[in-house]
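Next up: just one chain, as structure tokens, the form predicted on its own.
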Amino acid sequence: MVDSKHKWKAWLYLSPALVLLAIFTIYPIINTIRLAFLEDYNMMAAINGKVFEFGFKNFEKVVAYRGFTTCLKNTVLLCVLTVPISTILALLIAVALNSIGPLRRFLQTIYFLPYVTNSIAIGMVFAAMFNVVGNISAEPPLIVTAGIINNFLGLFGVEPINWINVGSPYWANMTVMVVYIVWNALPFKILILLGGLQSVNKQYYDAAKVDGTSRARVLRKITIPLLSPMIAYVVITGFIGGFKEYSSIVGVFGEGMGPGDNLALNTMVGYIYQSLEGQHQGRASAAALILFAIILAVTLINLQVSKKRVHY
């Protein structure tokens, strides 16, 4: 404990961080809440002296927006698909890495590389991998290059698929995004789970080995229960990050958020950015609060489930 006579020193040392926190975190949050309830708020009009009424019109316009259901559906679907897949894969990879003696550090570095790589750059690489140059619907098909993925599938006799170009189906677009987001989410989850595995008491595994317990049963009965706090953490943070998905879609499809700039894969965060670009700061703030409410509800549900499933 800090002596009461020297508390002012502690506050003095903390003051730079507290000032920055207040300016760049606390004030923006308060201002966002304020703008969300100022009907049709526009910054340029506010500068010119216009007074805005207090109300819920911004929320009504967000919900009434014809693409709102698409944004919400894409956001929820990406979360529901990517979080379980990435968590399961991260757990299996972490267990495999933990059991490897030689080359462990080298493999850890390889798996961690996507985490320190710019997401837009990664998206451009994935766009090139799934890209199809040419008209695959022509008779006969006129394909200049089918991309790495289609070339690989062609080894098994699969016809080239229009993954991300104009006219591509929604399921193909979503498949590309799920693969990309899962791949991009793996490094952080592997790091957390691997750290948890290395802190597990090895006596549990020695006892299971003496009893002749199978690896699958060891994973279910020992590894997963002991790692449940870390698993709960990566699931909760995965859902929070998933609901904020935006840059990955821009990296693959550009600012059009879909093939041919049709906004087919637009998300809640994408709608917020579009509202800001259109000088509709009030609607953007309202959409941000709606997204915050969704994330908060999902997080509380995860925490409630964690109380019954997590073993500390």
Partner chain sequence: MAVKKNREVIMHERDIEKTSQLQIVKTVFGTFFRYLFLLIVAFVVLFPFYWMIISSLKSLPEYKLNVPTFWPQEVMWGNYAEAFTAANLGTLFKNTIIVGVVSTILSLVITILTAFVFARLEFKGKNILFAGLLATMMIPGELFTITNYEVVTRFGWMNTYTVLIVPFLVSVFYVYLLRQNFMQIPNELYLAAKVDGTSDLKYLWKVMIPLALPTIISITILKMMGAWNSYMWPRLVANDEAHRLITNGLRNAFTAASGETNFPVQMAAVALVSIPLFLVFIFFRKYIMKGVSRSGIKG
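A quick note: this is a predicted structure, and the numbers were derived from the prediction, not measured. Positions refer to the first chain, counted from 1. For clarity, a rigid core is taken as the largest C-alpha set superposing within 1.5 Å between two forms.
One more form of this protein, predicted in complex with its partner chain, exists but is not displayed; see below.
The closest non-hydrogen atom of residue 57 lies beyond 4.5 Å of its partner chain in the predicted complex. Although the partner is absent here, residue 289 sits close enough that one of its heavy atoms falls within 4.5 Å of its partner chain in the predicted complex. Taking the partner from elsewhere, residue 112 is found to have a heavy atom lying within 4.5 Å of its partner chain in the predicted complex. Looking at residue 103, you'd find a heavy atom of it within 4.5 angstroms of its partner chain in the predicted complex.
Judged by heavy atoms within 4.5 Å of its partner chain in the predicted complex, the contact stretch among the candidates 166 to 174, 70 to 78, 182 to 190, 219 to 227 is 182 to 190. When its partner chain is considered in the predicted complex, only one residue from 125, 200, 161, 236 comes within 4.5 Å through any heavy atom, namely 125. Contacts to its partner chain in the predicted complex (heavy atom within 4.5 Å) from stretch 259 to 278: 269, 272, 273, 276, 277. Remark: with the core as the superposition reference, the CA shift of residue 22 between this form and the one not shown reaches 2 Å or more. The rigid-core alignment places the CA of residue 12 2 Å or more apart between this form and the one not shown. In the predicted complex, the CA atoms of residue 191 and residue 21 move farther apart by at least 3 angstroms compared with the shown structure.
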